[in-house]
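Consider the single chain below, provided in structure tokens and representing the form predicted alone.
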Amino acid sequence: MNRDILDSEIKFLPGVGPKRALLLQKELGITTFRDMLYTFPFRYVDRSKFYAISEIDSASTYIQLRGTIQSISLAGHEKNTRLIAIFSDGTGYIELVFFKGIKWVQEKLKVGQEYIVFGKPSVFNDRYNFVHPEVEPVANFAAGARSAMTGVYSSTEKLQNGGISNKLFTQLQTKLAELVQGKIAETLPGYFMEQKKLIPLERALHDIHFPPDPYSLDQARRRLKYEELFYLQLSLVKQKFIKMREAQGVMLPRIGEAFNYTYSHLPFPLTGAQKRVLKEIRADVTSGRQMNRLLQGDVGSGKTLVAIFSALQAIDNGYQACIMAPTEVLATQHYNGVFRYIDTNKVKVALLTGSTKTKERREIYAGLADGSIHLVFGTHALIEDKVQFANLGMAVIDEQHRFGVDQRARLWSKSEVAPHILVMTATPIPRTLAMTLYGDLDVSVIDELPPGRKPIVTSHVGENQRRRVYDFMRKEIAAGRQVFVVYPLIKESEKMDYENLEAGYLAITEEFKQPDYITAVVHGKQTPENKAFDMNLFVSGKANILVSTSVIEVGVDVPNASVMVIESAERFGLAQLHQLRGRVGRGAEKSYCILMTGYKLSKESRERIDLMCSTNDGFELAEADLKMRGPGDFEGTRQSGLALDLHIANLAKDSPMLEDARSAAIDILTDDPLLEHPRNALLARNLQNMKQDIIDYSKIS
């Protein structure tokens, strides 16, 4: 096979060697020729254009000048010597500054000679200069066969210090292109390339690094993006097709007493969206196949009730159910809330968390093992080895992105038969991302809030309006409401953040004095007992104000809280701001979210704050967040076991291509589910090669 050369270690590429190979591996993750070839430029500079020195301004990025060296001199002292060359093109003068390789530069540069200079201008002492630019005699530049568009590659300080400049990186890519010419195996079948009008892989990989013109670059990008998205979807859709054929699920045909009791005793009607999702779940659990469904619903949309009805379907058919939450607070809240809905004479419920006492824990283990406990709520404690179910039929995982895939996988070992799986998230995931992260799952969306829910009024205020905010808090407390005040907690500045929280707590207690006001405080440095005590003060309504870090982001349900004040709101991401806002607006009263920021806001921060003030729609915010941040580690979703390490495709910007790639994958697999047809042999082989890099967690959400 021709792929051998691409698997060569990068140290064997002429010009790299062991020392540079180590640097490339550490800084950019490049270990093989293939890694190098698939490290693409993030932008391009038009090297056919020359600028005049007089045109340079603060917005200039990488530019190219043509002119003459006027003088060369050394400045500074022995340990901090720098070489300064004065360069002119007739429209002005600029300094070329070199801190390293001074002896070599001195030998290379000649006064009076004409050079091409390429680099990024910077300002020092109110004057423009170039630090370590590329400098090449005009004669050499003219002789060099080059693309008019030069790629600019991602770099780091360590790479620069190690001598791997953009120029050297481009030279290494040039050598690599020569070495692999004629040796790159095609990865897509001819019929498919023709159908989708895609250029050959070898040409795409050459033109992405050395585009002869913008059109060729577009064609190269299109080919590489399409292939990346297509194989990702082919892998997911194939997993889903196989699962549909193989995964036997327990049959839950009966709607019985437990379900009917709860349905008839609901104090309010279900929304149309909740009913639709329950129908989708019912179709799954009566199909004979195992359910693997993702339920997305904005904060407060009523997912928990859907989870309870799903559990009751299992119980009515003689099976057990579990509902797993990421925190004790949330698990306890779900447990306490369920008694409002179910018939406790018929359904036995338990709560298992890290705080469960030993004696009670033993009783729960026994009840789960003999089947006398029908429904258990819990945290990670549910996946400990000691927990075994008699017949687990339904497993619901709440805020699923907070659990690692391996943890979720352990639910499978808890019962003889594979349970139906319902994973839920209140973090709205844009459709394009859901198709990629959960392409092998069926996705349900609750896109409707329960009646009576009023939209939360969100406003942005600066530090100078703090007095008005305090007055507003007083007014709401006087009306019998409660207030959250949340501070950021970012790992990089944890110490400073705790100091801010403590200072904020002192300021609040100074402003809202006892006995008229009670202020509780919750943060990660408290003991679990103190945290629970303060949290309970607020939840029970005894405290008027809760000052906390973003620890309360998920699941704290206090219907009486009507105001959420978010301090330093510019330091939170959109998804987190939306989650925090969802802590209020849970009762019938009008609720408010106040975003407090400093005066200096970056463009991105201002965009985020403006978006928060303009909409309560979590899906709209999630789409905007994806466009602003890229998929990255979207709320920890990367743990879902999929290689979301896309080299070139962008889920936010390339969604039409993603949809097309998914349709293409479905068409191929509908005709040939196992890719056994000779014309799809190449697809089967490449998918197999990909699988070696992707852990297959398809059976777990």
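Bear in mind that the values here come from a model prediction, so they are computed numbers and not experimental data. So that there is no doubt, residue numbering starts at 1 and follows the sequence shown.
This next part talks about the form predicted in complex with ligand ADP, which is not shown.
Student: Taking 4.5 angstroms as the cut-off for heavy atoms, does residue 557 touch ligand ADP in the predicted complex?
Tutor: Because a heavy atom of residue 557 falls inside 4.5 Å of ligand ADP in the predicted complex, the answer is yes.
Student: So in the predicted complex, does any heavy atom of residue 261 sit within 4.5 Å of ligand ADP?
Tutor: Close contact is absent here: in the predicted complex, residue 261 is far from ligand ADP, nothing within 4.5 Å, heavy atoms only.
Student: Is there a heavy atom of residue 88 lying 4.5 Å or less from a heavy atom of ligand ADP in the predicted complex?
Tutor: Looking in the predicted complex, residue contacts with ligand ADP do not include residue 88, since no heavy atom lies within 4.5 Å.
Student: Considering non-hydrogen atoms and a 4.5 Å limit, does ligand ADP approach residue 317 in the predicted complex?
Tutor: Because no heavy atom of residue 317 falls inside 4.5 Å of ligand ADP in the predicted complex, the answer is no.
Student: Among 531, 380, 586, 608, which has at least one heavy atom within 4.5 Å of ligand ADP in the predicted complex?
Tutor: Of 531, 380, 586, 608, the residue with a heavy atom within 4.5 Å of ligand ADP in the predicted complex is 586.
Student: Ok, 300, 430, 249, 151: which has a heavy atom sitting within 4.5 Å of ligand ADP in the predicted complex?
Tutor: In short, 300.
Student: Which among 74 to 82, 269 to 277, 535 to 543, 611 to 619 is in contact with ligand ADP in the predicted complex, heavy atoms within 4.5 angstroms?
Tutor: Among the candidates, contact is made by 269 to 277.
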